[in-house]
Ligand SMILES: Nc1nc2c(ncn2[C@@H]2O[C@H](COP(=O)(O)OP(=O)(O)O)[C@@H](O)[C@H]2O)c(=O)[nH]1
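This document opens with one chain alone, in structure tokens, the form predicted alone.
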Amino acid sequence: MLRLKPRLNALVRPPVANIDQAILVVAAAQPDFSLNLLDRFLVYLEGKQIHAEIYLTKTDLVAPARLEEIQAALAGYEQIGYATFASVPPFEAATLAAVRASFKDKLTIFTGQTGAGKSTLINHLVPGSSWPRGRSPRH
């Protein structure tokens, strides 16, 4: 017997409902890291009752001092309950394993600024998936 579950949350783009969490992909560079944009994404997701976790990409493209600044900012987000993933290199095996473990048995979406590395992260998490750059998995 098929039943409709009650809708807990929904997004229009992409059209999906009952999302458990989002992996919010942010870049250390190219595009530049922005606390303002990060906060805007988090506020939006919280408003939809979607738990967020933050993944920092392109950590190899910034100077060590800048990376320390970004990691210090992310530590503040960890203190208020957001898991963060920020390794050098950006797709270290242990970090990827921790991300995989975080979305086990959960409907998880990937979101973030254009060019932040969402497709690259997914390709590292699911080797062989080869989602084309610039196209979301729903296409």
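Note that the structure is a prediction, hence the values are computed from the model and not measured. All residue numbers refer to positions in the sequence shown, first residue = 1.
Keep in mind that the form predicted together with this ligand is not shown, yet the notes after this line are about it.
J.: Using a 4.5 Å heavy atom cut-off, which of 56-64, 95-103, 37-45, 73-81 contacts this ligand in the model of the complex?
T.: Every other range fails; the passing one is 56-64.
J.: Counting only non-hydrogen atoms and a 4.5 angstroms cut-off, does Thr114 reach this ligand in the model of the complex?
T.: Yes.
J.: Can you tell me whether Thr120 touches this ligand? I mean in the model of the complex, with a 4.5 angstroms heavy atom cut-off.
T.: So Thr120 counts as contacting this ligand.
J.: Residue-level question: is Phe91 within 4.5 Å of this ligand in the model of the complex, judged on heavy atoms?
T.: It does: once this ligand is placed as it appears in the model of the complex, Phe91 has a heavy atom within 4.5 Å of it.
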